[in-house]
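As a starting point, one isolated chain is supplied in structure tokens, in the form predicted alone.
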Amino acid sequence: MNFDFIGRKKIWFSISGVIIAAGVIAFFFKGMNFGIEFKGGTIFDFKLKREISVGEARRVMRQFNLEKSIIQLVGKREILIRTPSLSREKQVLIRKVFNQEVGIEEIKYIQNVGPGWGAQITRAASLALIISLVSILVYISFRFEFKMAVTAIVALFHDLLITIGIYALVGREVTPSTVAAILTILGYSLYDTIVVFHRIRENAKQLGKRTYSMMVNDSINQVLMRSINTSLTTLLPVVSLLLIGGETLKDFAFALFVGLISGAYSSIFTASPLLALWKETEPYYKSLKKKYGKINAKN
């Protein structure tokens, strides 16, 4: 089977466009649901006298209308609770109620976290992103060619926009784990793109009676199963974390899940068609398109 990926590029671009547009609209109208690391809040870390479930902890917090707090079990008898910013009096009251109903063996810490921590994480992540994009541009330009480097970076931005847009759409909380996952996504997405581009570069040496687009389409079909298998084996543990992992792991896994699917999609349906379109503006490949395009279309 030789599926026509490049011939249906308008469909793929439209799908990406609709998803990105929906995400952009949600971003501007709903905004992002930032965690307390980005907007400030209070963190409780208690070592308890007995084991407790998240549900039981939520019932305690419900007395203060804080049942939607982020509650994580750390080990067997330690609990981490993150709430919006609370007054000193309310912090003391929560500690007393927990001690009465569950029993606190040790108070690890109770502290207010300002938004400065999140801002610091964002600055560091932005710097890492800029450095990685410049490095990618230089390396792929040297190893392959400049046009491949640019389309690879466009595919990365495609994945970032889709991941951020889906976060805005579903209203999932953005935490430092989310930022780490988004940076991790870049590596997976780039790997898929490089696999396809490597085959394109090899096949470009023997075009034969084909246009550049036809050669790109053949290249995609040749590495398709490899891309699918790689993506599936990567997604399986991520799905496991998403289903049965703790709350922190689920934040990380959700961003990875969205980004991995988007990355696998963009390598085939975004980066490769864009490269074919751009390359066929060059005189040589433009002439091949005029010469063989109509002949192969009839066949």
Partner chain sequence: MNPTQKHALSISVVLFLVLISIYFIYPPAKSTRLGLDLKGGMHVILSAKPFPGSPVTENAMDQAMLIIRQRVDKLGVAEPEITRQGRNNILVQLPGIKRPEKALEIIGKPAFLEFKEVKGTDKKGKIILGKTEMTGRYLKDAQVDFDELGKPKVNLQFTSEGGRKFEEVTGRLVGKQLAIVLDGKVMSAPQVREKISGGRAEITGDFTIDKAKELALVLQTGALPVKLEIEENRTVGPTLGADSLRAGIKAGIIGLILVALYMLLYYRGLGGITCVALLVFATLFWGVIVIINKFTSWGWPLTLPGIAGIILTIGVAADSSIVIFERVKEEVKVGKTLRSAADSGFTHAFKTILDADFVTLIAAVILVFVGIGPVRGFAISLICGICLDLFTALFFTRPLLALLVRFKPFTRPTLVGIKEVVPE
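Positions refer to the first chain, counted from 1. Between two forms, the rigid core is the largest collection of C-alphas that superpose within 1.5 Å. Not measured: the values here are computed from a predicted model.
Omitted here: the form predicted in complex with its partner chain. The next part is about that form.
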4.5 Å heavy atom contact, Gln72 to its partner chain in the predicted complex: no
Heavy atom of Arg210 within 4.5 Å of its partner chain in the predicted complex: no
Proximity of Phe252 to its partner chain in the predicted complex, heavy atoms at 4.5 Å: yes
Contact of Leu232 with its partner chain in the predicted complex (heavy atom, 4.5 Å): yes
Contact test, all of Lys30, Asn65 and Gly103, partner its partner chain in the predicted complex, heavy atom 4.5 Å: no
Candidate from Val154, Val170, Val195, Val97 lying within 4.5 Å of its partner chain in the predicted complex - any heavy atom: Val195
Of Val174, Ile81, Val150, Ile110, the one that lies within 4.5 Å of its partner chain in the predicted complex (heavy atoms): Ile110
Partner-facing stretch of 53 to 61, 270 to 278, 22 to 30, 233 to 241, counted where any non-hydrogen atom is within 4.5 angstroms of its partner chain in the predicted complex: 233 to 241
Contact set, 123 to 146 vs its partner chain in the predicted complex - heavy atom within 4.5 angstroms: Ala124, Leu127, Ala128, Ile131, Ser132, Ser135, Ile136, Tyr139, Arg143, Phe144
Core-superposed C-alpha of Glu202 shifting 2 Å or more between this form and the one not shown: no
Is_shifted Phe46 between this form and the one not shown (CA, 2 Å cut-off, rigid core): yes
Threshold 2 Å Cα movement between this form and the one not shown for Ile94, core superposed: yes
Pair Thr175/Tyr109, Cα separation in the predicted complex versus the displayed form, closer or farther by 3 angstroms or more: closer
Sense of the change in Cα distance from Val74 to Leu235 in the predicted complex - at least 3 Å versus the shown form: farther
